[in-house]
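What follows is a pair of forms of the same protein chain, given separately as structure tokens and numbered structure 1 and structure 2.
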Structure 1
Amino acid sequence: MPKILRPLDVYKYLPQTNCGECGESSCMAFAAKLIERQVSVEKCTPLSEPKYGKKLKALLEVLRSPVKEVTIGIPPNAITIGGKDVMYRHELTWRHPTALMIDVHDEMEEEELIKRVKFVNDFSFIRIGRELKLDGIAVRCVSDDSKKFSTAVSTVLKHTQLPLVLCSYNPTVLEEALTIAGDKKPLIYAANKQNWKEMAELSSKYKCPLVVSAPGDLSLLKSLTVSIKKYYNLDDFVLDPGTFVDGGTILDTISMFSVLRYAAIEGEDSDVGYPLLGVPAAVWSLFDGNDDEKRLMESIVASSLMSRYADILILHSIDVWPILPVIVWRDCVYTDPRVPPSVKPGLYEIGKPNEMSPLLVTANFALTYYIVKDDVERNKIDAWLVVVDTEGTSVQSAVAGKKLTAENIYETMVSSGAMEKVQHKTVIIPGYAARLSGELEDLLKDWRVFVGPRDSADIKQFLEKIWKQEVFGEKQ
């Protein structure tokens, strides 16, 4: 079983001065948050002093995750993968979301290669107020020609600052590419039983993380990792157990990923305690189907491997529809299950509201807030939006759980200054909060409370057919 840390296990390596520079009331409180991964060691600034050097080193060892963190690329675009502490995200939030890389290869026409790189650079999808993006480029050597591969890598570097994976089993080909890209700290793919010594030397020389690959053979994968660690003193590895997608072999792939992660976390086997790499792009060469079927299968494989511990995935399709479910699923898997997504309570402006604009109320559950905001913006409505602290729960749940009450709506209106923003003295509460209207009117005294629609998509119709007529006498 994995070790269970207690605050005292961490506290003994802290300065124990209770200085408060970390923002916590005491070193013990800071220790508890370190265990929960809610803060980083860097927050304790005194630990950077030379006199605490030994304590810092010991603390980092104590806090080291069963799955080591590995960084690819350089700031400000570097990505960190791994760093997992538990098998299941409900036990303790999974950190460092799975990196999604799109592949290019050195036999592509320059125009096509640049098009794919541009797609990765520009891809952006907003979900619940967060911008979801792709993470980098995997450059594959298909030609086995050092010059062609280096030219492709050089072209990619001219058009992106994102992290790279350099893919070839030929050490000579990779070394020439590393003379161009080595200072960007790419991930080197891959060391296998034929070339592991040469690949380890490249990893050591250019100080780049290294993929160790043994498709379908977990014993060999571990043996290669142990040998490279022993003889080359390296520790920045990513493990590739193979991605099999033809027939029913996807189950074998998922099983291998699960076995490796279980061995690292539950079995405390540090020799396999590294991030895992999957290649859903293999669908395009191994799966029998038309292009749309391959895109669908790639999306399914990517989502499945992400759910079963993949820390980095290499994809091929640059169509939005197969990428979107993968990137949204990643956002779901890597949210903190202990903390509902929420926005800061208070008063928000939508458009350019004035003293005659409607005053709306909603909960601070992020999904609720952004749905309401988007519906109001889409209908070109200038409005004030009062967001009440419901501890990140939706309107219906918050009313049922007494987290959205007449009292906290009133208090938010007062504290945010919402009541001074409008002259019409009316407020519109969500349809699911209808039962709060009478009590809220009692608190607001000379204000009128309207019960709006349950679905924010109907706000425009409600404003035009009911609110404007009742408040301003406008007939529609």
Structure 2
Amino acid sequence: MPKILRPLDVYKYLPQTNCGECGESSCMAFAAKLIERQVSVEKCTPLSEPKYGKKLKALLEVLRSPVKEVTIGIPPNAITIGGKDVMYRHELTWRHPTALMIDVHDEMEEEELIKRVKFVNDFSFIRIGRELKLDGIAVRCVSDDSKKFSTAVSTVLKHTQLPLVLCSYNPTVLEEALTIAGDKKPLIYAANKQNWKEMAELSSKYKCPLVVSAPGDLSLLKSLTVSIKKYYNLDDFVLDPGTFVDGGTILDTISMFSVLRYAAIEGEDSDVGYPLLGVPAAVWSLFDGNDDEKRLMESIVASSLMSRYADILILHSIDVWPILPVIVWRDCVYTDPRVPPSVKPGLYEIGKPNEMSPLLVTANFALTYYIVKDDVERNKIDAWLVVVDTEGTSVQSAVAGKKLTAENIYETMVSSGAMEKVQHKTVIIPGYAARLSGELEDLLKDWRVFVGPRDSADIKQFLEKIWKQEVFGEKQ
């Protein structure tokens, strides 16, 4: 069963002095936030006093998720992955969004390598006021040459502060790279059946998290993890069950990820209670097809594995179009499923509207609102915007689900005072709400209802070519 904690379960390990250092009014209040994963243990500074050493240890143990949190890199650019408490996001918001790493290798031209690193540094996509970014670089050793690999790693280090994954099955190659990058706490890829002792020693010596890899063999994966844990006293693992993609084996991959996660959370098998690594980049070495087919496949593999429990992904393509759906899906799937992102219904002013300005209607889904607002602002249009309560759903969905109706548009227009704001007695509804226009006209009596464009990107053209002509045509 997923671990559901009560405040008392953690309260007993707090200092219980209600000193308020954590910013909460009492230890109990802090306990409540701890179990909701809204605060981290470090906020209770008294706990770091030596006399609380035992309590702190016990507290961390109680708070440990069935999928352990593992940190890669160093502050301020460290990323934490894993920390999953539930199988399904409707049970509790998933935390620690899947980390997206882009690969480079040691036989790339330096120029190409730097270009790729810079692409990762600079990648940014803004959505609902949130900036979506990539997380780090995976450096692959293609040459099997320690010198070459170290050179590539130091070039990467010169150009980015982001966390790294160092990829080679050769411990000698990795050791040399770790002497220059070890203090940056990269993720080491990977310990397998052949090299696990040497890799475990490296992980222990440099205190870096370690990928345990056993492609297609979950028993071997578990055996390796348990052995390394036992003999080397390590606990910062990331598991790699293999990302198979060709001939439909992507389904086997998804199945392995799901079964591992199910075992960790529902089956309480702590031996596999670690973050999962997926390698959509494997498409480039395993999958037959041209480059665009590989990009499509890589993107689909990434989105599917993210839906089904991957905590970190290594990708190859640095084209924006295959990354876009992955990064947007990540932003969606890691939100709180209980609260639709919405804005307050009512009348909004964009720019400086007056009684001659257009009156637009939209839904109160946050994304819809921001997009409309952006488009109107970008085109330097002064407008009134009536935002109808569609329970946080987009126009298209809201029309289908009867959450955007002629009645509630009318009611919002009346209650928000929108009708007194304009003289032209016209209102523009979204293209997707076209079928509401007749009914709305009946309700509004002597008003005229315009069906605007489906996408607000076309609003300027619509206003100039149609609305202005029809409403003010004679006057101009």
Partner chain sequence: MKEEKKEENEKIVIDLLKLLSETDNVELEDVTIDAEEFAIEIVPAAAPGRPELFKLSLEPVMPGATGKIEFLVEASPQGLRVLGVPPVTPAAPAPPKVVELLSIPFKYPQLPYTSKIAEVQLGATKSEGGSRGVTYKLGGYSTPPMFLFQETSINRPLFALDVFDMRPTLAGPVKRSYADVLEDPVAWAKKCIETYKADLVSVHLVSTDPGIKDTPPSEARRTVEDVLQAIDEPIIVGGSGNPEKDIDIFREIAKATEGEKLVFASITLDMDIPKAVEPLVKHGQNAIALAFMDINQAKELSRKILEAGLPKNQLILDPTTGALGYGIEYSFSVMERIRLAALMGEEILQVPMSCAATNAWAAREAWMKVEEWGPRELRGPLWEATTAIVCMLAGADLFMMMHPLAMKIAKTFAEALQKVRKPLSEIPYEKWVEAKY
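In this text, rigid core is short for the largest set of C-alphas that superpose within 1.5 Å between two forms. For clarity, every value in this text was computed on a predicted model and none was experimentally measured. FYI, numbering is relative to structure 1, first residue = 1.
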property: Of structures 1 and 2, the one that is the form predicted in complex with the partner chain; result: 2
property: Threshold 2 Å Cα movement between structure 1 and structure 2 at residue 392, rigid core reference; result: yes
property: C-alpha of residue 44 off by 2 Å or more between structure 1 and structure 2 on rigid core; result: yes
property: Did residue 191 shift 2 Å or more between structure 1 and structure 2, C-alpha, core superposed; result: no
property: After superposing on the core, C-alpha shift for residue 364 between structure 1 and structure 2 in angstrom; result: 6.8
property: Inter-form CA displacement between structure 1 and structure 2 at residue 422 - rigid core frame, Å; result: 14.5
